[in-house]
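Below you'll find only one chain, the form predicted alone, shown as structure tokens.
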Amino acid sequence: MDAPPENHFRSRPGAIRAWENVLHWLFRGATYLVLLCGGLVFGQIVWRGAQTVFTTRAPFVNVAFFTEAPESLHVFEYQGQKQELGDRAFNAFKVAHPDAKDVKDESYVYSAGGIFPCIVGTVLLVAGSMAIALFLGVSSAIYLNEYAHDSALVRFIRLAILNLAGVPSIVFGLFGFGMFVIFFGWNVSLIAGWFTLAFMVLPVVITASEESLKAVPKGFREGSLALGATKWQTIRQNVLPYALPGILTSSILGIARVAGETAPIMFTAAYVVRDKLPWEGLTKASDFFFQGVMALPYHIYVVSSKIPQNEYTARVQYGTAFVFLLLVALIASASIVLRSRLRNRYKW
């Protein structure tokens, strides 16, 4: 039988092919290494944090950790048994047991109670700042993509927006402190934190929103204008609905960055400890916006670096980090679900 014809297009062994295989496995190994390191970090947070958040008895959730404010932990021995009580429980214990008034205890700050005020503050900061960022960002993207002409000024503005995306968060924090806290006289407050965080994620929102608007076919605009619609009617009814999934993608990216920032809120919005929730003790409705809050990232920073470390503070650190990851995941998941529904609704 005749031999089959030689395939001239098959890969041939050689030095170049060998180097390509080496690079292939090098890149693959680097990717797996990054995934492994990330998995180990998140795995440790989930494993140790779950021990604080969940319990072995019904309802299997540490309700106090989600519903109470941070307290100092008092560790002492009473009648041969080791006791671990928070401030309120410790004071009540001394009242109920008069012979325990002179008991010697060791106290550990922020190691008892819960993180409810921190959760509330984080949700308020994320919701308010993203509302401002989406309004300003989408408005700017509409102007740049739909109204502005391609000029040197517009190109300079786009370049400035891209450069702002790389500015460190500490710089935005100092800007917010100087502008909103001092110059506008808002002091350390929710509204100062909202605008500082909104300006920080604004470049991401503008860039992603503009790309989403560009992805909408021009035929949608031309058909609407040909039928007699105005420019704004065309944008509102025939462009924005189809660009919303991409705009929500920018909100997901913004949420992930806003929720995890410590430096900006440390200068503009966050307190180490605040006894009252934002809606408590208000003399008028506007006071809600001009008061500081506690926040999860700042609480993690304080508990991890500003107080003596021990086994009790470690529980709070990992528990807070675990809840923080869950909270960010829930907010981002809500945006992803909404984006998926909009994609299924608006197709072309």
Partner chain sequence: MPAAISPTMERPSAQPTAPALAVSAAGTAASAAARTIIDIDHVDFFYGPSQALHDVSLKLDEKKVTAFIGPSGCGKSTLLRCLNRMNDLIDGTRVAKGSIKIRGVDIHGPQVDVIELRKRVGMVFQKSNPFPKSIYDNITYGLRLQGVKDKSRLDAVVEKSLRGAALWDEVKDRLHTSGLGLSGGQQQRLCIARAIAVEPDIILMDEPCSALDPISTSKVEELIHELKKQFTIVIVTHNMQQAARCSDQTAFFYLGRLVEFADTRTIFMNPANPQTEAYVSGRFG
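Keep in mind it's a predicted model, so treat the numbers as computed, not measured. Positions refer to the first chain, counted from 1.
We do not show the form predicted together with the partner chain, though everything after this point is about it.
- Distance criterion of 4.5 Å from any heavy atom to the partner chain in the predicted complex singles out Leu227 from the list Ala131, Ala96, Leu227, Leu159.
- Out of the listed residues Ser111, Ser189, Ser212, Asn238, Asn238 is the one that sits within 4.5 Å of the partner chain in the predicted complex by at least one heavy atom.
- This chain is displayed without the partner chain, yet in the predicted complex the stretch 147-155 from 244-252, 167-175, 133-141, 147-155 comes within 4.5 Å of it by heavy atoms.
- The partner chain in the predicted complex is not approached by Glu106, whose heavy atoms all lie more than 4.5 angstroms from it.
- Looking at Thr234, you'd find a heavy atom of it within 4.5 angstroms of the partner chain in the predicted complex.
- Residue contact check for Phe220: one or more of its heavy atoms lie within 4.5 Å of the partner chain in the predicted complex.
- Taking the partner chain as it sits in the predicted complex, the stretch 15-52 never comes within 4.5 angstroms of it through any non-hydrogen atom.
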